[in-house]
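Here's a solo chain for you in structure tokens, the form predicted alone.
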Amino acid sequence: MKNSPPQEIGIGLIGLGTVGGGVAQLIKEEAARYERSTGKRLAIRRVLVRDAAKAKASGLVAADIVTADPDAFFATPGVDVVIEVAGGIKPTGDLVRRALNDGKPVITANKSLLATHGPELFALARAKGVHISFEASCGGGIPCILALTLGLQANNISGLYGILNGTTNYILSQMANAGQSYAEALKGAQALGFAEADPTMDVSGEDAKQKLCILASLAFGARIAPDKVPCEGIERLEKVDFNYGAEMGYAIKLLATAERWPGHQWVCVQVRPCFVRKSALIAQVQGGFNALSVIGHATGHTMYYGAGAGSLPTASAVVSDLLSTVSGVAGTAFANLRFAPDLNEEAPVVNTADTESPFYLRLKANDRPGVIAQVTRILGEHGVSISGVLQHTVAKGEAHVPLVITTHQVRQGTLEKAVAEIEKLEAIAEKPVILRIVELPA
């Protein structure tokens, strides 16, 4: 008796750019292996793009399956799964809704869409009896979504500490290791394709914030909206911050952090440049790589590391979701586990002013007697305990000298009030820089 041919799974692909091209490449090159592992044959039946001529000329897929017409895309027979890798919210969100309303499971890499409209889209998928898979939305090829939703289910998670944006990590690595200025490192990132011509989304911390909302919602079983997350970028950092940090044994990383204390529902979420000890694992993450440290009550510290972006790393996550979908694993998990944001209440978020941490404070001051005394007096009046003071001789040609102060554990709001008063001193040249010092496991 002959074996029956494998079932063919038709795929509708929205987007054929960097990630979409990688998805098409993996499905083509690894077709036989995917068929062996799932018992299903994968076939891209239709591709929806903005520029059909460009997509047809790319040779990534057969020209006759490419269209720029959404109606033609959704009218294609035999499409069982829709993959969205076009990015953005408009018109992509409407296309995802249309796919879900048609009863198609959706696989997406779209962090912006999920962070902003996730609860609504997950609820729609549930109502239509399908699911959304989104491993590629955070951390590129790193399976951090899988870890939080399945691998670490047994844990009460108290903290997430992530380097979630490769562009900023590349810039910070260049400033730390090559002594480049922010402007020089940014220019190099743009030349290498790490940063867009307009890098605002990355360097402002906004990209990392959207990913943090998704990850923290999964870790804590609660909705976290982007507008509740304080966010500070890397634009004000200078080479002197890296030099002083190295002298004290610290590296600077743009950290997306989410913390919840055992027994409490309140969560503290923020994105900001932080000092971490050079001995910490996350401090070793260089260049365009990403990492996520997770603190669980049973596991302790685990860390997930790898390429956070790029064609094939991100496509790997998309296709892994596709294989989980066609094998039934993804749909079963979505239907039976309560990790999706539509099933959870919005988390109460701690005002970061009420959190406590050691801090680094860098001032630019006139090089004259009495300045340090003025600054320390104000800090003392606000109850800020100083752990160290560093001041080097003023560089040739510089009108102001950097003054660096590190504090013991202090309420952030208290320090900010003291710094606002210090900023008004005649001897202080510009807005001070404040960096949180985060102690992570080595």
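Heads up: residue numbers just count along the shown sequence, starting at 1. None of the values given here were measured: they were computed from a predicted structure.
The form predicted together with a further copy of the same chain exists for this protein as well; it is not shown, and the discussion that follows is about that form.
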property	result
Residue contact check: residue 112 to a further copy of the same chain in the predicted bound form, 4.5 Å heavy atom	no
a further copy of the same chain contact at residue 328 in the predicted bound form, heavy atom, 4.5 Å	yes
Contact test in the predicted bound form: residue 67 vs a further copy of the same chain, heavy atoms, 4.5 Å	no
4.5 angstroms heavy atom contact with a further copy of the same chain in the predicted bound form for residue 297	yes
Position in contact with a further copy of the same chain when the complex is considered in the predicted bound form, options 153, 177, 351, 101, heavy atoms within 4.5 Å	153
In the predicted bound form, the residue from 387, 376, 37, 409 that sits within 4.5 Å of a further copy of the same chain by heavy atoms	37
Option from 235-243, 196-204, 114-122, 284-292 whose residues, in the predicted bound form, bring a heavy atom within 4.5 Å of a further copy of the same chain	284-292
Contact set, 315-342 vs a further copy of the same chain in the predicted bound form - heavy atom within 4.5 angstroms	316, 319, 320, 323, 324, 327, 328, 329, 332, 333, 336, 337, 338
